[in-house]
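Read the single chain below, which is given as structure tokens and is the form predicted on its own.
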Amino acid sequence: MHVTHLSLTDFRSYPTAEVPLDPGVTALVGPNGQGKTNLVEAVGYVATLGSHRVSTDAPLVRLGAQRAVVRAAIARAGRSTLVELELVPGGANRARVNRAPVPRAREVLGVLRTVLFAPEDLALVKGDPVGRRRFLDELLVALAPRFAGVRSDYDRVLRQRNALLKSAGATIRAGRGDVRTLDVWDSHLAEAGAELLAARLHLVDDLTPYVRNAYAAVSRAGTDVDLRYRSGLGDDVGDGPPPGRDELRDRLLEAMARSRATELDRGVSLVGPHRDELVLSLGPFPARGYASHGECWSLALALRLAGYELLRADAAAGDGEPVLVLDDVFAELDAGRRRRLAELVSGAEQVLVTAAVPEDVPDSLAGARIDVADGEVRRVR
């Protein structure tokens, strides 16, 4: 799988841009602030319908424009697929596949799969739990696009239940409200939450050996790496074989019943996958707060490499590998990690690298080069 052409209209800093791409390595080179990351951000948006830099679509539309359009031609399984996305801030985004409209933009998920390395990845280790939950959920969607719908359903139910807790808490506590409405939303949240939780638990089990192997390859250290899913339902949920969906649903309902009084007081849902944590450990200690800067970088890279290897192993026959995107990551690494990361990814079907200067791109990733400066994109080799 690889992108053969990227076309932008009013996306970020580009009124227009046409970028032909080949399999193998392509380095996008230019001074900071010239638009290199905007190009790989657009590739990532086609794959995920989101940005690794911002949480909403509005900043992706060029200042003064009403909409942005991203088009990507993708070669996969011996055929070409054209994905077109129209970003409309404040409105509904639209999507087309091979010129034909699709009912919902998320139906393009799975046509292109990417794995992105970026300086922001350090937050996967050092940052708050929300980033690690997002990492798991985005990988789930890449593996099985239907989980975009599962996540959307869970978030919708969570918003509705929180709104009810805030608005009806006082009346229910006073005995004047109808708790049956809350019971209904408890049931909906437990159903959607159990599906998401079960998938996360299985993913952590599948991901762990890949993370251990990748960490050893990047760091050349003998430190044991462990991933453990910490659920509000109890430590046993993340240890041993993952429970089934029915058991998880029942345990979520029981936990919500125990927490109801506190939730009504606080006006917020305190139980569910939105409160869970992925705990990363190096040896006997949690990585967050204990690992050195270099160890954190090695672990962050290992998480991304593990996701890439898991997607490769999962790839349907003929679909090929995910596209690897390395956004200004080599400038953040010491010489050893830079060299080892380059060696690990050099054989990928397509690698897109951004760098401020050509010297930031390791020799083992020699390939095509595109210079980016003053809003212009020019192929050098």
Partner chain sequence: MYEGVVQDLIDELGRLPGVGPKSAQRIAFHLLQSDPVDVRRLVAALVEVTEKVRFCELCGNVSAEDQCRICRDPRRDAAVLCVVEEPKDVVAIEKTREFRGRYHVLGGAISPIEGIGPDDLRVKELVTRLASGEVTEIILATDPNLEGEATATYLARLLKPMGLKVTRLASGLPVGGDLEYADELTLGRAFEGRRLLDV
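Residue numbers count along the first chain shown, from 1. Because the structure is predicted, anything quoted here is derived from the model rather than measured.
The next section is about a form of this same protein that is not shown, the form predicted together with its partner chain.
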Practice task
Look up in the predicted bound form whether R146 has a non-hydrogen atom within 4.5 angstroms of its partner chain, and give yes or no.
Solution key: yes
Exercise for the section: Decide whether D183 counts as a contact residue for its partner chain in the predicted bound form under a heavy atom distance cut-off of 4.5 Å. Expected result: yes
Practice task
May I ask you to state whether R79 is within 4.5 Å of its partner chain in the predicted bound form, using heavy atom distances?
Solution key: no
Practice task
Classify R251 as contacting or not contacting its partner chain in the predicted bound form by the rule of any non-hydrogen atom within 4.5 angstroms, answering yes or no.
Solution key: no
Practice task
Report the stretch among 279-287, 203-211, 138-146, 216-224 that approaches its partner chain in the predicted bound form to within 4.5 Å, counting heavy atoms only.
Solution key: 138-146
Problem - Contact residue in the predicted bound form, from L233, V157, L311, A95 (heavy atom within 4.5 Å of its partner chain) - result: V157
Fill in the blank from the handout: The listed residue (R228, R258, R104, R134) that reaches within 4.5 Å of its partner chain in the predicted bound form by any heavy atom is R104
Exercise for the section: Could you list which residues of 188-215 come within 4.5 Å of its partner chain in the predicted bound form, counting heavy atoms only? Expected result: H188
